[in-house]
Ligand code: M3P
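Have a look below at one chain only, the form predicted alone, in structure tokens format.
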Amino acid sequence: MGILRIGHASLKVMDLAAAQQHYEKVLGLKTVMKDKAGNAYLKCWDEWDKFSLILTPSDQAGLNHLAYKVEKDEDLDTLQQRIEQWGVKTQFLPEGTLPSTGRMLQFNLPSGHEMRLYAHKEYVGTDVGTTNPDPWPDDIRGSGVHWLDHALLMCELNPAEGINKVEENTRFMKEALDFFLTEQVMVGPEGSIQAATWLARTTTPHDIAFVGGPRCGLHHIAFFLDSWNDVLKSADVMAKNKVRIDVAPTRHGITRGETIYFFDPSGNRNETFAGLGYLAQRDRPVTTWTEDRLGSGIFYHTGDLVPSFTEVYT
């Protein structure tokens, strides 16, 4: 019962054609359709539902909403009750509000980010099928990412004014949506301020993450790759296509992930992310990073913080 995994991200882009080329040529997604409003819907080769990324034309970059798939349609009713008991308003969007998608439960996180839950999306299958499949398709492009893996959202954090949307979001995700905490960053006097959290519903180190900042926004959406070698190849693809790279290939201490951060043409940050890191379980002890080791937590190899990594986001 409940949430299975991340379902899709809807992003605002300022040049739809350039954005499509980026996600297709650099990352390897395919455009599966466009709707009458001009929005483009894309999927990765190893995903079986119709789409995982929506690109909507806009005069600015950023996140429209983040959606997670639940196991059964009746779970939406149960979760609506839990969310509203927590004090968050909800509404149901009817089937067909998004193409090929069933009814959606819409609400805002305490940080203000819009989230949607749904049970049904048209099944189209992976590019290699389910009968005697090959390990990858012949027409793979660019980085060849497998699937949309997770998202990191920036949340307002101002301890002087008693504002900590990281902590509020984290409590909401645990209490209302039954996520569990895998890692956290604690800062301030005696490590009393929860400045960043990573939470899961699956066995991956995180299905969503929250990091404190001066304002709310989207830090990045991440796409999964198999290995460190794939991460390096991904960097080569980006260099060939003159993609603006924020952080070159490295490893996180947090989640143990192997990573590259870069930007789409509108300035939305992407990540290619490899390595399981560890098997996330509800009874696994929460990993805590302290303020004095935060650099190693984010960039394990150098331990040096990159200012743009926390200061630049949409």
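Every value quoted in this text rests on a predicted model; they were computed, and no experiment measured them. Start at 1 and count along the sequence shown; that's the residue number.
Missing here is the form predicted in complex with the ligand; even so, the following discussion is about that form.
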| task | Have a look at 104, 152, 148, 115 for me and say which one sits with a heavy atom within 4.5 Å of the ligand in the predicted complex. | result | 152
| query | Which pick from 289, 41, 68, 261 sits with a heavy atom within 4.5 Å of the ligand in the predicted complex? | reply | 261
| Which single stretch, out of 46-54, 22-30, 247-255, 276-284, brings residue heavy atoms within 4.5 Å of the ligand in the predicted complex? | 247-255
| message | Since the partner isn't included here, can you check whether the ligand sits close to all of 79, 171 and 201 in the predicted complex (heavy atom within 4.5 Å for each)? | response | no
| field | Proximity of residue 298 to the ligand in the predicted complex, heavy atoms at 4.5 Å | value | yes
| said: With the partner left out here, check for me: in the predicted complex, does some heavy atom of residue 220 sit within 4.5 Å of the ligand? | reply: yes
| query | Taking 4.5 angstroms as the cut-off for heavy atoms, does residue 211 touch the ligand in the predicted complex? | reply | yes
